[in-house]
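Here you get one chain, nothing else, as structure tokens; it is the form predicted on its own.
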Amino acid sequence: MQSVEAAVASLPKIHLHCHLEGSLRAETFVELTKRAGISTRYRPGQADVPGPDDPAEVYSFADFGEFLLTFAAVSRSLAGPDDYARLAREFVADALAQRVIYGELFISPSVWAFFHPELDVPATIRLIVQELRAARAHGAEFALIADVTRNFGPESAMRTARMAAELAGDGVIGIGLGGDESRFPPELFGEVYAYARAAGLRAVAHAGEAAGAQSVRDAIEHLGAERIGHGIRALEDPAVLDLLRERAIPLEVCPTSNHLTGVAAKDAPHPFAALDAAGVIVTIDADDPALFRTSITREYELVARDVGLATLQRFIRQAVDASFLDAAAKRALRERIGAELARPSAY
């Protein structure tokens, strides 16, 4: 019988909750900061603060707030189109090495523009898409979801939504809602999401991570979110679990991320199994894999050890169903995964 590691390595994998910027290799981050003469740390309104330049230490943080600042520092280091092209190229290499075959990746263009106002954001997105499409030759496909960043407010969010609509069909398939969930609730962005949905974009939102179950309900009822990023605090309210189950709204669950940011207790099992037992649709992902010093392979291994390979395989199939692919593409992906899981090497 194969080890868990060998069995998971053989599995086809799907990203539904992966931030492209959060996949930046630590070595690349250090290189970019040195080239730009900036720190690996960022503090708003302060002069550049010293930060480590050892790749083993740059992605360290104590809580969710420090994580957001680390994400900001990474975004600041990505200064021009070539940096984003490199980011995408390295992401593809890392994804293919793990047998990732499909992904819907978050990008945060409003954060890019905050740090680099001169950046041609649409052109940069097109360059990223070009790099991602190179994966097609290796049997993998990736699309982009443009995150509107809560912290910048509804007007900035609407600008991002309009840009995403202009790029629909050119690699961008939806909008998401990221940033500081505890201070910027979903209802602030209802008009933005209404515009995006009318423009044909799909709708997802981070919720139930830094704020409680009500945030999940609000993302569904005020934004029309079709999937929820994280969502684990839905467990705090049985009525919200009922809502998720009745509307078949999947949760993009990222176990290591939740433990490291303190959203899930570090000394207790992650609650993805409790969500699954409650009848909620669960998919598994790595969130910001480099920043959390994990990978989708490691997340799959964690799940397999906890609930077994058969349940992990079901989560993979659920990710296909939860994706924003059209019906024909979903059917083809299901058939491909079914054929791969049927091979003895997958067990």
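Being a predicted model, the structure only gives us computed values, none of them experimental. The first residue of the shown sequence is 1; numbering continues from there.
Beyond the structure shown, there is the form predicted in complex with a small molecule, which is absent from this document and is the topic of what follows.
- The candidate site formed by 13, 94 and 142 is entirely out of contact with the small molecule in the predicted bound form, as no residue has a non-hydrogen atom within 4.5 angstroms of it.
- For residue 68, a non-hydrogen atom is located within 4.5 Å of the small molecule in the predicted bound form, even though that partner is not displayed.
- The small molecule in the predicted bound form is approached by residue 178, whose closest heavy atom lies within 4.5 angstroms of it.
- The closest non-hydrogen atom of residue 64 lies within 4.5 Å of the small molecule in the predicted bound form.
- Interface membership of residue 252, defined by any non-hydrogen atom within 4.5 Å of the small molecule in the predicted bound form, is ruled out.
- Stretch-level contact check against the small molecule in the predicted bound form with heavy atoms at 4.5 Å: of 287-295, 302-310, 38-46, 315-323, the positive one is 287-295.
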